[in-house]
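Just the one chain here, laid out as structure tokens, in the form predicted on its own.
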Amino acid sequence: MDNTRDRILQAAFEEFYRNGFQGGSLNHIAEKSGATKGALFHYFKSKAELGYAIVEEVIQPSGNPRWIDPLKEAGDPIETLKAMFRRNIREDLASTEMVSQGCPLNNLAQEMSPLDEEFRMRIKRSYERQRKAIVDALESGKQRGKVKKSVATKEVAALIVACQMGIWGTMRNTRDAQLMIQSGEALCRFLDTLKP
């Protein structure tokens, strides 16, 4: 990718993360990236197109190591899911920015999905990828005897992703670390019920 385009994407991500998509300023993005507004519009025809690129090229790839990649080789998907939630909660509580700003994808989902169908579809695909990774890991876990055969994996995956969205939304809204930890531990106890 072109270095100017990369700088614009990074500056846009930071601007939208701090101020929301609607409140984000293209002038601030151009200034922070060291690009002209003309250069910005050379790479992205509109603010919306820039936002779509943020979802697909910045937010989604940054979430893969946290929420998808660990599940690909999970010998025990239940323990892997529990470890992922505990690690990500711990790391995010240590980040002042994450505590105050919340999850970038969840923020955009809440702000833009009701307003822009293209945003909604891109965000939906991102969450679908995560649910599929969970379903695949749980199905594989069933074959290895790590997950009850009776587990409805699609339903469980939907619940896990919804819990994730809620836990991270709670962090942003309450800034209560203990509440986030308690929610994560409640989810981990639920995951334990899926073991044979």
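One-based numbering along the sequence shown. Note that this is a predicted model, so its numbers are computed, not measured.
Another form, the form predicted in complex with the DNA, is not on view; read the next lines as being about it.
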The DNA in the model of the complex: contacted by all of G24, H28 and K37, heavy atom 4.5 Å: yes
Would you mind picking out the stretch of 151-159, 128-136, 165-173, 44-52 that comes within 4.5 angstroms of the DNA in the model of the complex, counting non-hydrogen atoms? 44-52
Restricting to 108-147, the residues within 4.5 Å of the DNA in the model of the complex through any heavy atom are none
